[in-house]
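Before any questions on binding or motion, here is one chain by itself as structure tokens, the form predicted on its own.
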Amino acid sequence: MKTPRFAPIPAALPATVPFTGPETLQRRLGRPFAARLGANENGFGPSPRAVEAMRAEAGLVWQYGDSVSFDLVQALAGRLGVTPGHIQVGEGIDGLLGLLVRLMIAPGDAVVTSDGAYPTFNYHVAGFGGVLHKAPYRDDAEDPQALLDLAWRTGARLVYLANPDNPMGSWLAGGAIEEMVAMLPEDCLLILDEAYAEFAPAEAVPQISADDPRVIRMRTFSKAYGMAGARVGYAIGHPELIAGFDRIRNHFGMCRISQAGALAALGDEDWLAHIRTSTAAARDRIGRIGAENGLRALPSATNFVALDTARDGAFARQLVAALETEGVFVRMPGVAPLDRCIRISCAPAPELDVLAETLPRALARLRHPSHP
């Protein structure tokens, strides 16, 4: 008996995931990681107020979440100085990216991104039959002019840009992005992924009206707010664009526990300040650990640091694997020349102590294979 056939687009795609999760790697390793430093999670944790709010809501988990995330949308609108109609809450930026691609891309439509940028976006584009066109990074940062040139050449419907950037941690001045928006082709939408905006310097955040129909901005509670497992993100855009999500989204996709936690986290400014301070200190320490081992830290406006091995991708992959055997989970960019780096998430001191202890051993084994 044959399995029913897939639809043509998924049938033509490989079975893959953008990232191998740390839990999968731990099962292969046969033990938990001593230092979980690869997924850009916030190891300093969520606001205690958020934890309490989620705990209080757990008894009501038999109820569906509010289908319009009313309280959270109202709070976000007040914080951002926009109307509730400018905001769509969804299952993390990843979920919102999938919905946006579904909303905007027909099979064969051109989409522009950077070669080596966040691969989950590419996964969604492929899943809906879009055609990806990729511009190279320049000086380890996304290149707005290269993205624009490619958008004009291909007639792109979407252009994806992360600022600050993942996987390199670099950032563009807000003015550069504003200039980019002014030069977009007609009927082209810029997706501005601002997952790390809370860590960025003020000058990296562009001044773009939420009523500008050429841009949709996406932010998350996964990074600075320490709630990656709750899956809460939000999009900011023109009300007509935001209203389009109601045509296709999972209206009861948001867990009420997550909604309550995000609302409480948003109101805890003191905890957010603590996270920013702790993250900055961890970035500095990762840089020092790297320097002590001959690796150069690239400037970062995120909660991770890219360490330049000054070698190639093959060496960096071996280093990631060597650290894994030491019980340390890190990741690396996937495309040359970015893949000469390894990427290490900021974390509390005990986990960075593990990194400081294990990185020299891992490097010694690679540089001197006979080293015990």
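Numbering starts at 1 and runs along the sequence shown. Because the structure is predicted, anything quoted here is derived from the model rather than measured.
Absent from the display: the form predicted in complex with a further copy of the same chain. The rest refers to it.
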Please state whether all three residues 5, 42 and 249 have a non-hydrogen atom within 4.5 angstroms of a further copy of the same chain in the model of the complex. yes
Examine residue 230 and determine whether its closest non-hydrogen atom to a further copy of the same chain in the model of the complex is within 4.5 angstroms. yes
When the contact criterion is heavy atoms within 4.5 Å, does residue 167 count as touching a further copy of the same chain in the model of the complex? no
Using the partner position in the model of the complex, report whether residue 323 sits within 4.5 Å of a further copy of the same chain, counting heavy atoms only. no
Is residue 186 one of the residues lying within 4.5 Å of a further copy of the same chain in the model of the complex, judged by heavy atom distances? yes
Please pick, from 257, 141, 132, 236, the one residue with any non-hydrogen atom lying within 4.5 angstroms of a further copy of the same chain in the model of the complex. 257
Considering non-hydrogen atoms and a 4.5 Å limit, which listed residue (91, 268, 194, 115) is close to a further copy of the same chain in the model of the complex? 91
Heavy atom contact within 4.5 Å of a further copy of the same chain in the model of the complex, the stretch among 142-150, 277-285, 76-84, 104-112: 104-112
Within 198-225, the residues that have a heavy atom no more than 4.5 Å from a further copy of the same chain in the model of the complex: 212, 213, 214, 222, 223
